[in-house]
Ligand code: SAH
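Coming up is one lone chain in structure tokens, specifically the form predicted alone.
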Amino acid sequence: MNNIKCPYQSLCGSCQLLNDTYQNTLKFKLKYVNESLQKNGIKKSVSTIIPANPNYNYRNKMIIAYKYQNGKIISGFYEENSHHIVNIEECLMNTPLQNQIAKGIKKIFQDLKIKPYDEDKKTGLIRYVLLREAIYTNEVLVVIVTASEIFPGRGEVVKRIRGLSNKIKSIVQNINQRKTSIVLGDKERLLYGKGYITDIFDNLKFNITSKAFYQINTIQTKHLYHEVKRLAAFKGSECIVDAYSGLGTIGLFLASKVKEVYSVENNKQAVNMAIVNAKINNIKNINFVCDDATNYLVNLSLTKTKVDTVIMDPPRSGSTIAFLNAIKQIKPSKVIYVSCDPETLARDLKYLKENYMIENIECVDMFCWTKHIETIVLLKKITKN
């Protein structure tokens, strides 16, 4: 058995495989990927997985939910598939720094009598706190998600949060008045710092904001991107599309290996920061487009633009039929599909298999002790005689 003992495991449910050995969790994930492929008529299989080291304290993001109960604040994570908050003092998958700051913020809210928002009564203020940590620089961004723009005692809260750690480089208030489970709202107010943190990654600097997608396991992301680069085997003359690009990290990482990169992302905040990231790294052969990935690729397929490789890293729900059809129209010689869900990956690969042959599949354990697994698939266009 593993030596990680979590007192919240039976209540939280996030780390579904924590009762087993780490090696067995890797076997489980490989089986999951292969079974998903087989169900969709794909004969290619994967036999190896890049393990994580360390396989705990690895998460660079922490989302804390709050509730007022029996005269005190409870905080933690939602129980899997529910809206019930499990009161958690420390998560073994988040870093000690994140856990320390989370405890401190909870005490600040308690001491200053700042109550969590009650969805039923429509009272209170605090909905969530989101922590983002730049793992290689230890910089921390604190995002306080409130139900109202009015934030009584805001100055004192900021002062006390800053006092928790000199690693806290920015504090942002995010206003979310929507009646949904989406954590972040559209409007933000900068309370301290620059509104972002900076991480260093293979000699590249990445500024990270509250909303922009950034892989949850920074150390394993390095392995992931190196595998993408290895599988792509670029020669230097290629024009590539990096779709669902978030902060543009994959495109920026690969830019020195190709002629031109078109990075596509529909989150405006992420695109703006990606442009900054290109400038601070002096990368000039990358173009950032703020657009829906499907919309962009469909429009691109109507032009005569030559694209050599499409790299796609869609959300867990996978890509769209329209996007995959556009790939067939554009006819890149290679497609590299990065996926965090084997089932939607296999579904999309099935749709492409008449036009593209699966050359290679690699797995990277990004989400240790959970059922989730990151998979990279290299597809090459089938040349018909």
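The structure displayed is predicted, hence computed values, not measured ones. Residue positions are given as counts along the sequence shown, with the first one as 1.
Another form, the form predicted in complex with S-adenosyl-L-homocysteine (SAH), is not on view; read the next lines as being about it.
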item	value
In the model of the complex, the residue from 174, 95, 266, 170 that sits within 4.5 Å of S-adenosyl-L-homocysteine (SAH) by heavy atoms	266
Listed residue (220, 309, 249, 209) with a non-hydrogen atom within 4.5 angstroms of S-adenosyl-L-homocysteine (SAH) in the model of the complex	249
Answer range among 142 to 150, 114 to 122, 101 to 109, 249 to 257 for contact with S-adenosyl-L-homocysteine (SAH), defined in the model of the complex as heavy atoms within 4.5 Å	249 to 257
Contact label in the model of the complex: residue 201 to S-adenosyl-L-homocysteine (SAH), heavy atom within 4.5 Å	no
Proximity of residue 78 to S-adenosyl-L-homocysteine (SAH) in the model of the complex, heavy atoms at 4.5 Å	no
Interface membership of residue 238, S-adenosyl-L-homocysteine (SAH) in the model of the complex, 4.5 Å heavy atom rule	no
Distance check, residue 314 to S-adenosyl-L-homocysteine (SAH) in the model of the complex, heavy atom within 4.5 Å	yes
Within 274 to 291, the residues that have a heavy atom no more than 4.5 Å from S-adenosyl-L-homocysteine (SAH) in the model of the complex	291
